[in-house]
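In the block that follows, a single chain appears as structure tokens, in the form predicted alone.
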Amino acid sequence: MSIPNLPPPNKRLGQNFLIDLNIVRKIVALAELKTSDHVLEIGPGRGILTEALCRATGRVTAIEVDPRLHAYLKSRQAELPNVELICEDALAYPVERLPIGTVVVANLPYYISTPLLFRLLDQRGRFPRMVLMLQAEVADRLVANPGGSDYGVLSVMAQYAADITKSFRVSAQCFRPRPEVASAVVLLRAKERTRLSQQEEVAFRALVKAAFAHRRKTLVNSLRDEGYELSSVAERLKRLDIAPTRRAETLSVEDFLRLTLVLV
């Protein structure tokens, strides 16, 4: 069976292929790669970024879920001598097996970008920096400040784990087919030290999710509805000088950290 020259996009997988070499150059420059680096690329697609990564660094692990695209890239393996091509779902691939210090550079599949982000951030000790192209609204949520509608669970958890910069927007004209959503590239630098132990981080994540579970409700009522003891929460909020009438979106990452530490 002959491998098609360029596999067509799979609408079910939300495939929009990057075609702009200038954007590729900007992404690779932002990653500040050395020849000794190991890079993880998720969703290489037709390989435009993969080629540039291959030239910029020593080793690339590229994970592609679409067997057609994987086969196409395999047919070009001679052009990609330092690229390990893996046909697997990135949400299932054991990223914990990758070397510590691996740099993530990827045009993330938009339909799974949020769970992938959480997965990568959970392994932040392995990935010192990540250069990711995302749906613009996800990028906005990553860098959002308290008080706005973009600020939520992803904002708090990501900002706890990493320093995040929204680097540049990417026009829909840079893709084929053109996506219906805007895109942006973000740089995440994992924080070397975080305040919580592993057990406390579990409590922190649960607290943040519970606080935002009912955005229109006050913080104390949202936490009560998610199973927290009302009197205990109210007493600890008072101790921290956080009004129980406030909503979750008004609390900073630091506020959530302080509240976690008095609740565990």
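Residues carry their position along the shown sequence, with the first being 1. Owing to the predicted nature of the structure, the values given are computational and were not obtained by experimental measurement.
Below, we turn to the form predicted together with S-adenosylmethionine, even though it does not appear here.
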*Consider the chain as shown here, without its partner, and state which of I164, V131, A184, L108 has a heavy atom within 4.5 Å of S-adenosylmethionine in the model of the complex.*
L108
_Interface residue in the model of the complex among V170, A90, M157, L80, criterion: non-hydrogen atom within 4.5 angstroms of S-adenosylmethionine_ = A90
*Contact between E51 and S-adenosylmethionine in the model of the complex at 4.5 Å, heavy atoms?*
no
*Evaluate F17 for contact with S-adenosylmethionine in the model of the complex, applying a 4.5 angstroms cut-off between non-hydrogen atoms, and reply yes or no.*
yes
*Using a 4.5 Å heavy atom cut-off, state whether V153 contacts S-adenosylmethionine in the model of the complex.*
no
*asked:* I'd like to know whether D37 contacts S-adenosylmethionine in the model of the complex, with contact meaning heavy atoms within 4.5 angstroms.
replied: no
*One stretch from 219-227, 205-213, 232-240, 66-74 that, in the model of the complex, holds residues within 4.5 Å of S-adenosylmethionine by heavy atom*: 66-74
*Would you mind checking 28-48 for residues with a heavy atom within 4.5 Å of S-adenosylmethionine in the model of the complex?*
E41, I42, G43, P44, G45, I48
